[in-house]
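In structure tokens, one chain follows: the form predicted on its own.
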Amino acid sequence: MNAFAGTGTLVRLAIRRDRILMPVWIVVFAALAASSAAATVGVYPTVQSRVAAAEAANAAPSIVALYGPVFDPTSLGGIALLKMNAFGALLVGILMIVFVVRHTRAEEEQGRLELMSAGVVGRFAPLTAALLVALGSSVLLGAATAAGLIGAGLPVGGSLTFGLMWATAGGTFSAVAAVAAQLTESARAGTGLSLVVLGLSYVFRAMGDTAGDAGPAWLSWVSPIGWAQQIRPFGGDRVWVAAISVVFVLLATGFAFALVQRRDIGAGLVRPRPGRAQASPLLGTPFGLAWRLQRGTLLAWSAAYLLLGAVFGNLASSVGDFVDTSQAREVITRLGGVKGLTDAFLSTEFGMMGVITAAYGIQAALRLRSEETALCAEPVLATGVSRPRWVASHLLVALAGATALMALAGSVAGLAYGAQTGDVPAELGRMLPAALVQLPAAWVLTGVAMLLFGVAPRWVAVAWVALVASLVIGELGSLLSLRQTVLNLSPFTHVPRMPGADFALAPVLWLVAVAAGLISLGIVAFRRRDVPA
């Protein structure tokens, strides 16, 4: 049988399975880039204002490390999309990694690929189909982003180059995920290995960008994110650099196909490490099991939040350097906070971190569904563990983990900003509540995931749609002048804009009540349905 037999069928199957989520994410990425560009047009109306902002950004190592440098200080697109360059490529890479692992290693782990292989499906068909759809989605994402930027008023050449940058980042990490899926035996391990490569690429790029003339600037050129960034949209439009990513994709894809031939279905080339002979006493409890299953994910999220808190705390002291016009001050103050630009900046960043924290909560809560579909829930429930107790164990990890993440980010940001101002206790006392106040809104989205798990477990992916909707409303609502009724659909609309605004107890209590209600309804529904369903 032809090794590629059945590829077309698997391509159609992958598109069918992700017919909602992938288009939604493509639209979200394109909308975020376009909204950032549209918002910046009024903030930096003159060349002088753009040059001043670009010089301030390039002079701050923390900004360059997080977002990359501005290559052309006079370009509106360069300063408008500063936050979308390296950081945007990172997010695109995460999306494609999750997609490729989902359609390769996850299919093997759950036994579906072995079942399909009993029919007319060649050895290379699953990997080929996943890569074709991932690469095609990367191209569509780049095209949609370029169209959005052109519509926002940016130059056509730079907009197309920016779309190319994101497309090459998506393709590169699709190939990385394809290799990782052959090396590991589980989807989580494959995703984790791919994310490690992604994280190292981001770190190498940051080290190279901040090295200076006498430092190891070459590190940017050993990083796939650095390759994408060096295309330099709105800063030279060096399209030829994309050839490096294309060559890498071809080599990595060929290597992945070579690995497919060297392993059995369901097995990885790197065998998992055996566990201890005797388990910890804590593992004999539902919470101990839930913690064991999710602790690695929480620790990885904690490391990211530690870094983000430190970066945002350091950036807060230099916000004024970027906005020396009255229009800029008005826009930033409108985006969040009411008592100064620094508070506005921190309020906006904490709000974004709240949305990201909601993603963690949804991911942790939906581990219930993955345990159920993998038939791991039934053996636990066959013991003396009740359904509510089993559910509560994973929900405790989700809710407490989200709390720990925001507390970590707020504390680190307060310490970093306090070190800049010379008043650590005062800033810590302001930053920590400002971070924690985002939690009730994140808990509401976790409650949505729990409700779907109990009522309609096959539709749990709708929880991610709710998260995306909240993100879009938060990012585009004020810019598009949406009605308050629409804005109120996002739980983050009701969060007090701290620091800066006064704390309001009523909306926080309402959010907590809504989250508790959703979770309770989900638990009640789960008690009444079959397992698995």
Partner chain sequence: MAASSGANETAIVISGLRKSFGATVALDGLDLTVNTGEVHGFLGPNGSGKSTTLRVLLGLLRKDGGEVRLLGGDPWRDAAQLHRRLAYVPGDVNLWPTLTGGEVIDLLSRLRGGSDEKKRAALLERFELDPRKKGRAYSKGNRQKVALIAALVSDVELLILDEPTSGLDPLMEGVFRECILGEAQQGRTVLLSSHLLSEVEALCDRVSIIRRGRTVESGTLAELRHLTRTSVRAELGASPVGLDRLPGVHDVLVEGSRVSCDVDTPHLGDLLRELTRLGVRDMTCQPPTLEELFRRHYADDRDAEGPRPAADGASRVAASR
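Positions refer to the first chain, counted from 1. Please read these numbers as outputs of a predicted model, since none were measured by experiment.
Heads up, the form predicted together with the partner chain isn't pictured, but that's what we're talking about next.
Student: Given that the partner is absent here, does Arg123 sit within 4.5 Å of the partner chain in the predicted bound form, heavy atoms only?
Tutor: Although the partner chain is absent here, Arg123 would stay clear of it in the predicted bound form, with no heavy atoms inside 4.5 Å.
Student: Residue-level contact is defined here as any heavy atom of the residue lying within 4.5 Å of the partner chain in the predicted bound form; does Cys376 satisfy this criterion?
Tutor: Contact with the partner chain, yes.
Student: Does any part of Glu371 reach within 4.5 Å of the partner chain in the predicted bound form? Heavy atoms only, please.
Tutor: Glu371: contacts the partner chain in the predicted bound form.
Student: Determine whether any heavy atom of Gly8 comes within 4.5 Å of a heavy atom of the partner chain in the predicted bound form, and answer yes or no.
Tutor: Residue-level check for Gly8: no, no contact with the partner chain.
Student: Tell me which of 174-182, 196-204, 143-151, 288-296 has residues with heavy atoms within 4.5 angstroms of the partner chain in the predicted bound form?
Tutor: Checking each option against the 4.5 Å cut-off leaves 288-296.
Student: Please identify the residue among Thr74, Gln261, Thr421, Ser186 with any heavy atom within 4.5 Å of the partner chain in the predicted bound form.
Tutor: It is Ser186 that has a heavy atom within 4.5 Å of the partner.
Student: May I ask you to choose, among Ala456, Ala279, Leu306, Val222, the residue with a heavy atom within 4.5 Å of the partner chain in the predicted bound form?
Tutor: Contact check passes for Ala279.
Student: Which residues in 508-533 have a heavy atom within 4.5 Å of the partner chain in the predicted bound form?
Tutor: Heavy-atom contacts within 4.5 Å come from Arg527, Arg528, Arg529, Asp530, Val531, Pro532.
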